[in-house]
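Single chain ahead, by itself, as structure tokens, in the form predicted alone.
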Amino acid sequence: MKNRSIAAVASLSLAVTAVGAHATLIPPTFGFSLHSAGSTINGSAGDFGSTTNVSPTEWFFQGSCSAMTGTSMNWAYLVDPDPFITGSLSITNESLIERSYIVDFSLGITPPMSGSLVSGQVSGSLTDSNGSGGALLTSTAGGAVYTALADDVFVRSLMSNASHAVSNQYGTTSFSGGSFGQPTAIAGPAINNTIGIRYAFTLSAGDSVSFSSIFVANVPAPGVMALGFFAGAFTRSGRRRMR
């Protein structure tokens, strides 16, 4: 069994350093897709920032993308292809109109899983970045803001029919989007190729939203597989596969 704590990504981004013995390891496939206003930008997250090996199986991706007119996006994710994704995403709608977004992050896994136990969580904050006196975040068309994916197929969603508002100039409000599979992971699907997190939301003009989220898949095994979370940090207990 291996036990490891995943600390808050904000702290991790300042503290991680590449381990020399792991310098030749190949990072996992970790891609993103940003869709808004009829345009799509996608690619490898590693091509839009930095990639750091922090353990034999864990990698830290940090980057940004501002190629889409009227939108800037930043991310910081710790991933393991055995598998989990945890980290943060921030988007600013720099346009003069409300915009809807779909953002996907997808991680290649290894090895395939004939069955899984899954768990996830999301929280975040909304900011009136342009000082207009208000900001609004809603789920798109009554859907869910957060969706966990396996092989690009729905697993679980959080923040369905969500609506969060800021009503003071340059103000910020925090929100908890809920969780699933806590304190005990729940049954999930077989997973052959990828796990992912999708964000789908509408954001008011000139404003910003940040999300902190996690999605973990474990191989079912005898004993207890549980995930604990506390404010500002994510903790993972137990190894996914018996060696």
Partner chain sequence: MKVNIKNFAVIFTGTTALLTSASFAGFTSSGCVYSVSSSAGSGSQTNTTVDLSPTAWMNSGGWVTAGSTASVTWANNVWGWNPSTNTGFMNANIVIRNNTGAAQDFVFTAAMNGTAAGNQTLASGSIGGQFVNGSGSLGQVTSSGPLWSALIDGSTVNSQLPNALFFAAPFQIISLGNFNFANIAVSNSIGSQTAIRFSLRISAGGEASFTSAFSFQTIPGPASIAILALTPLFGSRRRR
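Positions refer to the first chain, counted from 1. Remember, it's a predicted structure, so these values are computed and weren't measured experimentally.
Although it is not shown, the form predicted in complex with the partner chain is what the next lines describe.
- Residue heavy atoms within 4.5 Å of the partner chain in the model of the complex occur in exactly one stretch of 136-144, 149-157, 88-96, 106-114, and that stretch is 88-96.
- Contact with the partner chain in the model of the complex holds for none of S36, S100 and A200, as no heavy atom of theirs lies within 4.5 Å.
- When you look in the model of the complex, the only residue of T57, S210, T29, N193 with a non-hydrogen atom within 4.5 Å of the partner chain is S210.
- In the model of the complex, T40 stays away from the partner chain, with no heavy atom inside 4.5 Å.
- Although the partner is absent here, P81 lies well away from the partner chain in the model of the complex, with no heavy atom inside 4.5 Å.
- The closest non-hydrogen atom of I214 lies within 4.5 Å of the partner chain in the model of the complex.
- In the model of the complex, the partner chain sits within 4.5 Å of a heavy atom of N168.
- Contacts of stretch 128-146 with the partner chain in the model of the complex, defined by any heavy atom lying within 4.5 Å, are made by D128, S129, N130, G131, listed in sequence order.
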